[in-house]
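Okay, so here's just one chain, in structure tokens, the form predicted alone.
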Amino acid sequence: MAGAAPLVALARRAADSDIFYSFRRSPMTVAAAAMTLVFIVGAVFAPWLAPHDPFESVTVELLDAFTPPVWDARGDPRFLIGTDDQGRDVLSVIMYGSRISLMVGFAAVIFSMVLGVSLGVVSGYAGGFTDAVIMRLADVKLTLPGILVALMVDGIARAAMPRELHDALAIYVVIFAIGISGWPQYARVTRGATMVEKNKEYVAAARVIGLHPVTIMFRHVLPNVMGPVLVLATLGLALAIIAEATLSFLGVGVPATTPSLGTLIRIGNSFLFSGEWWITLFPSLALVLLALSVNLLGDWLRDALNPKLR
């Protein structure tokens, strides 16, 4: 019991904090958090929660293809929101597809954040020529649309790799393509915060005692500039998920054999005008709800961490 006392005290402090109070007072934020949690739990535990396994050829019947949702006269109680062109349960495919979309989104955001924050801290702390070079690179990147950069990187990677490795490495290429297009935002925010922090007394004291600049940057300055970065990462997650869906919809993202929300929408779009609307409608709704929920959480976190709004 003694070991649990610090955890209980930490939980009580968190419950009494201004951020948690702000969270409880916003029904929209609570609903967004609940929706995001539903998506994450459904994606992580899809092998146990999904009604069917869309990758199990024994249970997938081609004769079940194009079954409409259960409320339709031709619906089947086994498939709540219908089946796709291969006879796979749409609900199960959405749950498995959300795993890919969330994994790509989180990985791309982490990659962008690590690269952008590192360059931003170095740029803001070093200044001079180093700062000028890094910021001009960021300015050049910001003049290009993120999806255009992702398409260019994806095309270069596919041209450089052997054809037999395209499907095996497709997810990693998408993560890199989305991540490399998002680092300037993190770099600019971190640079501005670092330029403020490096003039404070604790940094001067660290210099006086002879600490290496790298130690000062990443052990002392970095923890104090992470607040705005976390807000940016939350907002960036929704953008990364949408970017992955866009690339997959265009046919240059993850392969069709590894369904994400984008590939599901692209496949369903082929049957939209033939009457099988549910194949593309429900993955599209899932993408919209997921992106909207994450965006709402990001907006709340930005306001909650802003001392001027407290």
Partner chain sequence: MRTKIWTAGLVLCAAMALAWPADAKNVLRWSSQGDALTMDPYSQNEGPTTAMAMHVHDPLIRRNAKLEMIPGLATSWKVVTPTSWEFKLRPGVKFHDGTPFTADDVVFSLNRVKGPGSDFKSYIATVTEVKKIDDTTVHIVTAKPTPLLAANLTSVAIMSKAWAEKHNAVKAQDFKAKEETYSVRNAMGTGPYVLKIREPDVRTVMEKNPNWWGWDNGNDAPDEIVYSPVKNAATRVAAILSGELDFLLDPPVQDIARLKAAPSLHLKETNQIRTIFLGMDQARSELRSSDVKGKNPFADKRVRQAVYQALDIDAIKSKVMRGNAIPAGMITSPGVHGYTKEHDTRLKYDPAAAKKLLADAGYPNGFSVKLDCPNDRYVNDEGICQAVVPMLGRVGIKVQLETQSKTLHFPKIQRGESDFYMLGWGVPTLDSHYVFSFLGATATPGSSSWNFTGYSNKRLDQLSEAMDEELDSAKRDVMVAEAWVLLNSDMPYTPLHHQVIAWAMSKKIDMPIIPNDSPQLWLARFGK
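Positions refer to the first chain, counted from 1. Quick caveat: nothing in here was measured; it's all calculated off a predicted structure.
The following text describes the form predicted in complex with the partner chain, which does not appear among the structures shown.
None of T215, N224, Q86, S118 but one reaches within 4.5 angstroms of the partner chain in the model of the complex through a heavy atom, and that residue is Q86.
Contact between E164 and the partner chain in the model of the complex is found at the 4.5 Å heavy atom cutoff. Within this chain, F271 lines the site of the partner chain in the model of the complex, having a heavy atom no more than 4.5 Å away. Although the partner is absent here, E61 is a contact residue: one of its heavy atoms lies within 4.5 angstroms of the partner chain in the model of the complex.
Although the partner is absent here, F45 lies well away from the partner chain in the model of the complex, with no heavy atom inside 4.5 Å. Exactly one of the stretches 33-41, 239-247, 65-73, 280-288 approaches the partner chain in the model of the complex with heavy atoms within 4.5 Å, and it is 65-73.
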